[in-house]
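Only one chain comes next, encoded as structure tokens, the form predicted on its own.
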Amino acid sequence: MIKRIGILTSGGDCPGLNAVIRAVVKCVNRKGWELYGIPFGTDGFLDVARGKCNPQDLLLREHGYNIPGILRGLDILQFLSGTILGSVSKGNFNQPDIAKEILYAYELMRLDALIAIGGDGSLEILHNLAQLGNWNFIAIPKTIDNDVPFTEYAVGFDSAVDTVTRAIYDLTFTAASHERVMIVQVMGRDAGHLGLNSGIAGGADVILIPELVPQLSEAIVEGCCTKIAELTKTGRRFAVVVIAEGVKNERGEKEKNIADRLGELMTLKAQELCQTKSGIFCNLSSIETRVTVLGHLQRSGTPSANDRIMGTAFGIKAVKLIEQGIYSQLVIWRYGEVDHISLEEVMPIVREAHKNNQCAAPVQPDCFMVKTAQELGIYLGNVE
């Protein structure tokens, strides 16, 4: 029996999404099934419901010009960043009329199942829709924040770590050349996985993430200055600081460019320490800070080999689950291989976290990576 499968990407883009799509296309076509690429997340469903898009125009084939990336037999899809299907990171899904149109489009397309690639926010929305419409639903995690519970890695995280690590490496040389403190702001609204991993890999001297440093207290700023002052005793006249965007300012408020505020506070504290404590702190009296906000560069670049491999494995696993009739599952990476877990276990944790404005899978203060950073002498804040 020919199955009609839908696939979409939702939320912020990241490297590796096209590797997932490519794997699903190949796997589905080998089975003789039909795969429909829903453009721009659930917005594609709205276009179908409103007659702006013919479902047959969304059919994806392994060979043909209707799937970007294939030209004269050259398959480059797995090497491309972003998503060929497009994505949306916001939607009016709480409006009953919008949800009704999406559910209608799903029925109009006569889909037997839907594969959705998204982060924890997107997956909560799509899972709610799947329950309303009684969809056969499979979720694949993707996020450079790596904050989807139950999976060790999400698609896009490894590539983002590589991108940030390269940036830290490059900035280290200009920091050394001018004897400056380079402050690098990375993404991580509530999760510090990206900052912690890339900071370790890039050789940062200070790493500040929201799980360990909720806000820039006076003690934290002094700790940063103390760490840099200690480096001067070894002959170092520069430093690299990594801070996640989720760290709040000294008033407990979020700032768009928190790295700028950290630089200002460190400059003031360095002058104060020189006046009151003297000694090595006077080496900081003329401290120069420079800020680099990496922004959406972290979402770009060629997908890493790990993201291509894992994304491919995720896509194939999703198709196999559909073939076996196992639905309402989150495909995960655990113990070095692909696995799956029921969304009925995952979603209560995600919903509770969102309700409390918390991260669903935060960095644990006693985790291996935190201990690794501590053993390297990286300043992480007041962490025991």
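Numbers for residues come from their place in the sequence shown, where the first is 1. Bear in mind the structure is a predicted one, so any value in this text is a computation, not a measurement.
Just so it is clear, the following notes concern the form predicted together with a small molecule, a form of the same protein that is not shown.
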statement: Only one of 259-267, 98-106, 133-141, 185-193 has residues with a heavy atom within 4.5 Å of the small molecule in the predicted complex, and that stretch is 185-193
query: Is residue 205 one of the residues lying within 4.5 Å of the small molecule in the predicted complex, judged by heavy atom distances?
result: no
query: Taking 4.5 angstroms as the cut-off for heavy atoms, does residue 290 touch the small molecule in the predicted complex?
result: no
- request: Using a 4.5 Å heavy atom cut-off, state whether residue 245 contacts the small molecule in the predicted complex.
  value: yes
task: Tell me, yes or no, whether residue 307 is in contact with the small molecule in the predicted complex, where a contact means a heavy atom of each within 4.5 Å.
output: no
- line: Only hit among 236, 180, 299, 227 for heavy atom within 4.5 Å of the small molecule in the predicted complex is 299
